[in-house]
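Quick heads-up: it's one chain on its own, the form predicted on its own, in structure tokens.
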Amino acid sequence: MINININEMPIKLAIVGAGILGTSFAYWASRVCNASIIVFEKENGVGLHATYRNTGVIHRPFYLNPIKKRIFAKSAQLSYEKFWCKYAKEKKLPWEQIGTYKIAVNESDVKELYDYMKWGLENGMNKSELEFLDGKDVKKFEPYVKCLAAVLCKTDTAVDFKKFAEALRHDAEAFDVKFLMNCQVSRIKIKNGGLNIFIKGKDEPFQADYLINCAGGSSLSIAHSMNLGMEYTDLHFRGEYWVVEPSFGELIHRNIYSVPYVKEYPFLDPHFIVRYNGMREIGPNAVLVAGSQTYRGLANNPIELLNEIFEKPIINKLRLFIDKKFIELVSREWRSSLFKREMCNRVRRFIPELRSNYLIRRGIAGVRNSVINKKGFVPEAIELKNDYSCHIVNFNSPGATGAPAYSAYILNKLIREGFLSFNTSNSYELSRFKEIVNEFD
């Protein structure tokens, strides 16, 4: 229910979406931008979708190519180093430095591990954070793990991103940001040198000078409503987890990720995860589904499925669906969803003693929304802009890790381009902000 009189609330900056990225935007904008700010969120709380339904790991950027994934790598490194470490401590948020083994199961994958060692340093990590181990060395520390070699990243950290988003919301509200919950943006129109923002179920629009759209799985649809990004469409892949029985799971002490089996598509094979609360899980897979919130089955309803099939530009998806390898991948992922044994067998490649009866219940499923163009999957986040709005789409893993630095980077660009302006009265917050954004230059 909206309890603010929209005629009495001039809005200079509207933010759509209150996940980890939206709350990060709200946090920084409240401190460094000269603007009244409002956040629209369709749910009754923050961080209830991708923010909550992910692996729960603050990823260090050792596996990110510093050229092809420069912005993601920079954002992950700077967020960890200059924001999350201190913020989690100040706010007493869950922070368990578990560490991750990135392992090579096949001989052809070992070379990629050497690339990871190099990339980690190029992305700003300290030498002490990374260690290269052969299979025998890994066995000493993790007797139940089988591999030829591994990179140990000692500083990968298990967290609760939903609690992080809640803390960011609290801090933004302390600087007068207004969060409007249960407010789903249905359409946006440019009018009289500003924006009319229409909320589902309400006739009269909100008016704003500028809008930042970071609505996750809905972000591309919102951009399309303003005729932006019409060359893009997206596909939705549900990632499912299984909880591992503690008597076996606790025999493994760190996260275990394998080098991806299929490298041309942006998916990871299922891995072994240690959550911040000590729970062990395997997952996710990548099950093709109809919508950004299809957490069970193929579609939430027939209309959702039809909309997904006929979403334009159809050619983007058609190219994939005539690709034999992609169809084989989709089939494999669906088998791992339908049959617990299939999921178990994929992880047994590197944890041979795992048995399907050790997977005691399903964990929380999330959906990854992958943007595609005529060439296929787009590897990095996309910014779509006009004079009144900026739309962030394809903000996928390690998006939650990099949200504080990435949001600062985008805000700084918008200020430089004249869409927003600095509030120079808060010199301390401004210096913290600039310490991050200057690293992107």
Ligand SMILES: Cc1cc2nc3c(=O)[nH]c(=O)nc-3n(C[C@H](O)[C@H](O)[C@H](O)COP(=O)(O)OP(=O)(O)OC[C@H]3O[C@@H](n4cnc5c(N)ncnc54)[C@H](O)[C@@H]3O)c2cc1C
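Everything numeric here is computed off the predicted structure, so don't read it as measured data. Numbering starts at 1 and runs along the sequence shown.
As for the form predicted together with the ligand, it is not shown, yet the points below apply to it.
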{"property": "Exercise: Val57 in contact with the ligand in the predicted bound form, heavy atom 4.5 Å", "result": "yes"}
{"property": "4.5 Å heavy atom contact, Leu13 and the ligand in the predicted bound form", "result": "no"}
{"property": "4.5 angstroms heavy atom contact with the ligand in the predicted bound form for Phe395", "result": "yes"}
{"property": "Close approach of Tyr80 to the ligand in the predicted bound form, 4.5 Å, heavy atom", "result": "no"}
{"property": "The single option of Ile212, Ala172, Val367, Ala149 touching the ligand in the predicted bound form, heavy atom within 4.5 Å", "result": "Val367"}
{"property": "Listed residue (Tyr101, Phe350, Phe161, Trp242) with a non-hydrogen atom within 4.5 angstroms of the ligand in the predicted bound form", "result": "Phe161"}
{"property": "Triple contact flag Lys42, Cys183 and Ser218 to the ligand in the predicted bound form, non-hydrogen atom at 4.5 angstroms", "result": "yes"}
{"property": "Stretch in contact, per heavy atom within 4.5 angstroms of the ligand in the predicted bound form, of 407-415, 57-65, 380-388, 29-37", "result": "57-65"}
{"property": "Those residues of 13-38 which, in the predicted bound form, come within 4.5 Å of the ligand by heavy atom", "result": "Val16, Gly17, Ala18, Gly19, Ile20, Leu21, Gly22"}
